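The data below hold one chain only, encoded as structure tokens and taken in the form predicted alone.
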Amino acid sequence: MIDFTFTDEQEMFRKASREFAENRVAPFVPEMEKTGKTSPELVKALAEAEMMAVTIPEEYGGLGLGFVARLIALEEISRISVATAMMLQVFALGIDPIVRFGSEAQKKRYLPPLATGERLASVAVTEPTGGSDPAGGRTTYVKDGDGYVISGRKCFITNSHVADTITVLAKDETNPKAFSAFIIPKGTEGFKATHEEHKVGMKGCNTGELTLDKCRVGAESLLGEEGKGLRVTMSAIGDVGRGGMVGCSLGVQTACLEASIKFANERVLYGKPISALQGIQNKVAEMKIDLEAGRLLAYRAAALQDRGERSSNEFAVAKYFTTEAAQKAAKIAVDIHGGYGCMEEFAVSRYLRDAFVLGPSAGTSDIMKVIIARWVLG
């Protein structure tokens, strides 16, 4: 038997997430759009609502609700603010490697404050040489006594200037095929956030560069086994990072559909609402079809994840489909709005800009096709 319904607990969580997004997130959107800066008050609101605690086990101060619940929260928050959902999804992306690969000491040290928002997490893999080929990165480490010295540069890192607990991927200077992951707290000597990017969309979601200049960390910073860092970081990106992008995509699709329906019912041409025109009906039908198909792909993958099964291939499919569908939905929404769709006071112009940032995040559509092809071809 296949059950496509949410549990009562999940339905309650969806309702609470929607109310939170509408009441606590929405007021910050205009200022974030204007300044492009992350709002500390918004981050505090996310923490107070326990949004950072969703996937952290209860024994470490989290809610232990799992990844279906996380997807629900991201979808509802992204419906109001893609930038906020993106920021939140990367907090979880930074948390996951510690949950899955951290020692008991690391879990006890980092997870309780990450659950309350006292600490904020991220993952730093992408470099100027590219993000889709992490093995081509140039950030290196060398052993130094009982610790490690790390040097390099990371770019396009979400929450770069906001997070203070960052998992960094580096390769062994003496063995370019060996990669290790390290938990590096902000403030560690030689480790700092530098350039801050100005994206076309997702205003208020911080993205920037991190530099490591002979940054020395102790042995306790090593996350997982030495030389096995690619597994630590890439499994998080494949399962959690791409799952987060799916949630962001579903939310903006919903927002596009709702805005289009409202406008089409209110906009009168030729003596009747444009929703009566078959061309408009076809457009909203396409948006609805894509949204429903994307939700089935998304929640199937998240359900597999909650059962402890491998879900990276399913998330690659869902990530490709939903991010492409989000861009399509945003374009359709702007088309339905006509000239109004080009005006910043109408939210669909923001949805269009935000949707086009979803595509390359956590792996481009072309890379998703590579992953899917490898899965199909074995």
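Please read all numbers here as calculations on a predicted model, not as lab measurements. Counting begins at 1, following the sequence as shown.
Keep in mind that the form predicted together with a small molecule is not shown, yet the notes after this line are about it.
199 is the sole member of 109, 300, 199, 195 with a non-hydrogen atom lying within 4.5 angstroms of the small molecule in the predicted bound form. In summary, among the residues 278, 265, 132, 175, the only one with a non-hydrogen atom within 4.5 Å of the small molecule in the predicted bound form is 132.
In summary, the region of this chain contacting the small molecule in the predicted bound form, judged by heavy atoms within 4.5 Å and restricted to 136-144, 223-231, 153-161, 256-264, corresponds to 153-161. For residue 357, a non-hydrogen atom is located within 4.5 Å of the small molecule in the predicted bound form, even though that partner is not displayed. Residue contact check for residue 16: none of its heavy atoms lie within 4.5 Å of the small molecule in the predicted bound form. None of the heavy atoms of residue 12 is located within 4.5 Å of the small molecule in the predicted bound form.
Though the partner is left out of this view, residue 74 does not reach within 4.5 Å of the small molecule in the predicted bound form, counting heavy atoms only.
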